[in-house]
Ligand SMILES: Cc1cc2nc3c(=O)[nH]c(=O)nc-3n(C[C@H](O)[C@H](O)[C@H](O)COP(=O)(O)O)c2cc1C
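One chain follows as structure tokens, the form predicted alone.
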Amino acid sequence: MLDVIKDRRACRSFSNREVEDNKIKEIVEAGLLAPSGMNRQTPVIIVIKDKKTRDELMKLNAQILNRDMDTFYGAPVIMLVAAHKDGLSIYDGAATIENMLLEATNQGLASCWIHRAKEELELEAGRRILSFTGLNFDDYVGIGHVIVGYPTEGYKPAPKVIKENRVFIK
């Protein structure tokens, strides 16, 4: 497991290669198995493979960022994590995302955690784009997106450098 953790990096350069459904399923399962406060299991995962929906959500995400760019870096699969509003939503959703990022690496895929899901779910445009879920977004807070795909040819992330003075033991 430590090797997967060491290999995980944020990728911002994806190919057009389609991601196999079985790999998506494994990533989703890893997210659903994440720990949650009092085992409430409040996070939900919204998987977007449809290009039109993906592009609509990307444009909204870029608008929130106030940038004219593909904020999902060409990734073909977007997994938006939201959690039912309670005092633990952010923590539970973050654990879900981390499990998903690690499983994407384990599946041989590239991934990245993208923010602004909270703002997307607060906007009518975001709620319209995601209305296919049937969720009442008044009850949910957006945590983040896990973008997934195969990296572009030749992509090789730099080794992770760990900053010093981050562990204290008595």
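In case it trips you up, residue 1 is the first one in the sequence shown, and so on. Predicted model only: the values in this text are computed from it and were never measured.
Not on display, but discussed next: the form predicted in complex with this ligand.
Contact with this ligand, judged by heavy atoms within 4.5 Å in the model of the complex, is confined among 122 to 130, 107 to 115, 48 to 56, 34 to 42 to 107 to 115. Heavy atoms of Lys23 never reach within 4.5 Å of this ligand in the model of the complex, leaving it off the interface.
Interface residue remark: Lys160 is counted as part of the site for this ligand in the model of the complex, having a heavy atom within 4.5 Å.
Contacts of stretch 1 to 36 with this ligand in the model of the complex, defined by any heavy atom lying within 4.5 Å, are made by Arg8, Arg9, Ala10, Arg12, listed in sequence order.
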